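Only one chain comes next, encoded as structure tokens, the form predicted alone.
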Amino acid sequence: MRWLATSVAIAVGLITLLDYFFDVPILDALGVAFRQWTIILTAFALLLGVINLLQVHLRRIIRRDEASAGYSLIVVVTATLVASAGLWFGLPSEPMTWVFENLYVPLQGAFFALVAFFLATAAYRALRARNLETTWMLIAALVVLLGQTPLLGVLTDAREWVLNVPSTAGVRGILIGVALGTLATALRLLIGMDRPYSE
């Protein structure tokens, strides 16, 4: 049975890839159909993910796990209330807008604030000058940081150079590496060497 899932995945992947490169009416029709099926399957996968999430947290509540039962109760109650409001009033409605603006946006801001502290501590640990490479990174970070302040306008040109020359080169190298890794992973999936869909 595994060969069937592998064959379907390889065929769909190759047809979608060929549709991207060639303008053939049959390939266009198949590509549009496959993309629509992907949207439908994604919706079902999202629904199954929500059901799985609720099952996991309901099990924790039933077991009365001391460490996480309270948090699980908050997750279940919040998910039930928001889903009920969305189903009852619809998505572009006043209650859902209130939930988004008064609950979701402040929580998002709080998480981003926590991330800023984590990034600051991680930067402190990473940029302690232990060798020549970290010393150069520390100097570049200080130049960029101090170049942002209006008091030290002298460093503006140095900041622009750091951002446009070594930083851009590093980002392009990372993007090329990510593109090659994505291409290699896609080819392994297309030829059936990796089969995450059959596990």
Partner chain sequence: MTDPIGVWVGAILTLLVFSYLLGDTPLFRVAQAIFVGVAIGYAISAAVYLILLPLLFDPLIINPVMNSYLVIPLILGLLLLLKLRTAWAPVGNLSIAFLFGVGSALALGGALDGTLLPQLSAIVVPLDSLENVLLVAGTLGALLSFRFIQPQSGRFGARVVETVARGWGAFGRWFVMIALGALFASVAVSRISLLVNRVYFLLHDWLQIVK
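Bear in mind the structure is a predicted one, so any value in this text is a computation, not a measurement. Positions refer to the first chain, counted from 1.
Below, we turn to the form predicted in complex with its partner chain, even though it does not appear here.
This chain is displayed alone, yet in the predicted complex one of I61, L155, L27, L53 has a heavy atom within 4.5 Å of its partner chain; that residue is L53.
Remark: E94 does not count among the residues lining its partner chain in the predicted complex, judged by a heavy atom distance of 4.5 Å or less.
When its partner chain is considered in the predicted complex, E160 lies well away from it, no heavy atom lying within 4.5 Å. Residues F34, R35, Q36, W37, T38, I39, I40, L41, T42, A43, F44, A45, L46, L47, L48 of 26-49 are found to place at least one heavy atom within 4.5 Å of its partner chain in the predicted complex.
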